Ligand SMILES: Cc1cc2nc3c(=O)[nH]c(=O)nc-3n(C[C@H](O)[C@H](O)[C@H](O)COP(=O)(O)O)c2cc1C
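Take a look at this one chain, the form predicted on its own, written out in structure tokens.
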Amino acid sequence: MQIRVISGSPKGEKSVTLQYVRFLEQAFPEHTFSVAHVGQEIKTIERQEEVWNRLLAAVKESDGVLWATPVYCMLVPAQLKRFIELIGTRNAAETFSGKYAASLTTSIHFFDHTAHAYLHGVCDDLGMRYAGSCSAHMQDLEKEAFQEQLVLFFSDFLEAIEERRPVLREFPSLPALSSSYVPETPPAAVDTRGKRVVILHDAEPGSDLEAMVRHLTACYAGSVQVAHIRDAMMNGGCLGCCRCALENTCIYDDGFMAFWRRYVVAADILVMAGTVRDRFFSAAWKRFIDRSFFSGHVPAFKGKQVAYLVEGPLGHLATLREVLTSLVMTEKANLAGIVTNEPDPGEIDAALQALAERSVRLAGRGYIAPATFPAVGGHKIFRDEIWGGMRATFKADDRYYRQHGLYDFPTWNYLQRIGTRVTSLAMSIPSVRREVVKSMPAYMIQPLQKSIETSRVLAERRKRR
């Protein structure tokens, strides 16, 4: 069979993900693999029609398409995102329609599931038959057990093609939003109380997003910094070179880092406004997010109130919502709200007004919502990976983690460790174990009783504000 590999890595032949593809190529010599380095060659693909046409011709002649890509910031790299956008804007979906597809990614398993869900949704939209996915850790190929599973994954993909296996669509088609947002209610300007408000966007002139940005800006009293992300003057997307790891300095000599410091670092309230293109924000926004990796695993939004304005059917895009909310939470910031152009104009006006009021109020109080599983799990993944080997290269991350006590395993609470050991030994005595099990609910709440008493102190403190 002819397998067309769409490689999303900007590193081309030096891509970690591509080594997994080469392994499959050797393991299945009876099949032909051809690789399109769309991540590395995206600028050429954009500019040269003959390159684009050759790429489409190879896809059309193939029996199956394997999307092979690293995971960058919870999704595919911006370069691959741009290629997927081109398929839509150049009306090339028919070339992919009916083709069997699978995805293969490498990462440290940080939000790899959202990257796969995005690719699956894109394949469904293109009319492809998505037959499966494989998510590998970057070093999994060194393990014989994983090699066997990788072979089984690809064998199943080949069998799906050979058998013409029926594949049901998992992600429904996205509805088109026909309404045009025109504000109906004059905004009531909210005193920002000295908090710095920044709105970053990629709005097209005359778009709903532009109108939403303008109305939200008017909801804040005083100066609000509004900037189009094209003003960051990015010369390209993240290259995955990790040269930023030593001192958190990007290899690009363009305007991005200055733009980042001027707007993102300086903000107390940060609003990011984007339009849905395929199933995510634009490739320009993805490039902006990817380039933020120059700060490594140090939380760039820490302590900020972050909000989103979305032009597009966010209500039908659970994966996009998960990425947007998780990006805030894993960065130790607080999600002040998300407003889309899906409701009626009057509802949008009210939502924007409420967003302005809430963002200022929470910024003044310094509120950061407690972390849930994505942030807690993400911290543990980064902690273990940085300590376990990445710190040799990611020097800046290692320094930050040490300074902020993020290497929190095993617990440094030695009294707790001693108490746990004593309790464990005591629990080996049948009579003690029976008593503890019988009284477990009481034991569980006993340490919390003293904390409840402090609520009175907090109530008095709140009254004095």
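Start at 1 and count along the sequence shown; that's the residue number. In this text, all values refer to a predicted model and were calculated from it rather than measured experimentally.
What comes next is about the form predicted together with this ligand, which is not displayed.
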Answer key: of M138, A318, A350, A375, within 4.5 Å of this ligand in the predicted complex (heavy atoms) is M138
Contacting member of V71, A363, I386, A300, with respect to this ligand in the predicted complex [4.5 Å, heavy atom]: V71
Any chance G240 has a heavy atom within 4.5 Å of this ligand in the predicted complex? yes
Can you check whether F110 is within 4.5 Å of this ligand in the predicted complex, heavy atom basis? yes
Any chance F293 has a heavy atom within 4.5 Å of this ligand in the predicted complex? yes
Using a 4.5 Å heavy atom cut-off, state whether T106 contacts this ligand in the predicted complex. yes
Quick one: which of 157-165, 71-79, 318-326, 140-148 gets within 4.5 Å of this ligand in the predicted complex, going by heavy atoms? 71-79
